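A single chain comes next, written as structure tokens; it is the form predicted on its own.
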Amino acid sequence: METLRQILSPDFLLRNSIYTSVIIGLSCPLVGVFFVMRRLVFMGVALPQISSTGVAIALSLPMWLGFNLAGHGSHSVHTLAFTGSITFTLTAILVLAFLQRRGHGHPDGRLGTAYVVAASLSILLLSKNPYGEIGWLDMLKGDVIAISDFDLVLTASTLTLVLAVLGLFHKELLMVSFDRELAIILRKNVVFWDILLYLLIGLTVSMAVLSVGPLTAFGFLLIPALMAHLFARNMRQFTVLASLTGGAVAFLGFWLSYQYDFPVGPTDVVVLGVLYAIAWIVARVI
């Protein structure tokens, strides 16, 4: 209980880290439900890693051009990383969605290839980047320890915007994802709503990767949604249960990692995995 009291204290040294973890835990599952509904689980695996490749390339560009990132503030570096992340994420979503729509080749094979190549390229780029070796390799492993006030505000503001748009246009996004034929019959602009959803997914994935790394981002995108899907009876229950599960696990994972000196991200994912296994057994019994 002493550890819990320290974490909940307003003067807690790592308060920005736990705030960010909980925000990511609450927000990512709300986007993850669309991955589950559209049967795009493998895309949920690949996108965070592709986003991290965008971060790696963006951080490597100044070095290739002869500039030194060490002389710039953390705000500029974070903005540069976010630009690379969102650019690669949105491009990947649009390309993969276009190829899937055309129905050529093997979608799972494309996603698997994108994931493994992106993961390897990220590590190679950052291993040759002096700035990347200082902190970004730890970030890609999910070691959430130092998050500035600027990073916290940027993450909270961006994800609040995403959640507001999801709430405002939930009916349209749900119809396009769940029953495209009905949406077409009702003369809904399917392409527009698809693009809006991809934009929201891209923003969420980019912010999650920048804050907690691709491994943790993937865990919160999919596992809470998969757990909620076992018990939810309607879409409202599905989304609310997934979000609350993600937020609760984010707090619990941070508590355990602080108590036992584990990396935050992997702890979160392991807790999610254990809870998913328990939920699956309970769902089969009841």
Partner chain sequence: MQRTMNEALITLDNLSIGYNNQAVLSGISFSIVRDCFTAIVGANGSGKSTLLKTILGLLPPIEGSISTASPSARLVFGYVPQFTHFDSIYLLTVFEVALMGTYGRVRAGAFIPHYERDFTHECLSAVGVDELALRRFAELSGGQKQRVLIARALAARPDIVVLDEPTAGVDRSATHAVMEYLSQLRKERKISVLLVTHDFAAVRQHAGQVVWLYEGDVLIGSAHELLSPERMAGMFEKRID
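Residue numbers count along the first chain shown, from 1. All of these numbers come straight from a predicted model, not from anything done at the bench.
Absent from the display: the form predicted together with its partner chain. The rest refers to it.
### Query
Can you pick the one in 235, 45, 61, 256 that has a heavy atom within 4.5 Å of its partner chain in the model of the complex?
After the contact test, the surviving option is 235.
Only one of 116, 153, 186, 124 comes within 4.5 Å of its partner chain in the model of the complex by heavy atoms, so just point that one out.
By the 4.5 Å heavy-atom cutoff, the listed residue in contact is 186.
Notebook entry, point to check: Taking 4.5 angstroms as the cut-off for heavy atoms, does residue 80 touch its partner chain in the model of the complex?
Noted result: No, no contact at 4.5 Å.
Margin query: Since only the chain is shown here, I'm wondering whether residue 177 would be in contact with its partner chain in the model of the complex (any heavy atom pair within 4.5 Å).
Written below: Answer yes; at least one heavy atom of residue 177 falls within 4.5 Å of its partner chain in the model of the complex.
>> Taking any heavy atom pair closer than or equal to 4.5 Å as contact, tell me whether residue 57 reaches its partner chain in the model of the complex.
In response: Because no heavy atom of residue 57 falls inside 4.5 Å of its partner chain in the model of the complex, the answer is no.
Residue 36: heavy atom within 4.5 Å of its partner chain in the model of the complex?
Yes, residue 36 sits close enough to its partner chain in the model of the complex that at least one of its heavy atoms falls within 4.5 Å.
Just one stretch in 187-195, 207-215, 82-90, 153-161 has heavy atoms within 4.5 Å of its partner chain in the model of the complex, so which one is it? The contacting stretch is 187-195.
Hey, which residues along 162-182 are within 4.5 angstroms of its partner chain in the model of the complex, non-hydrogen atoms only?
Residues within 4.5 Å: 168, 169, 171, 172, 174, 175, 177, 178, 179, 181, 182.
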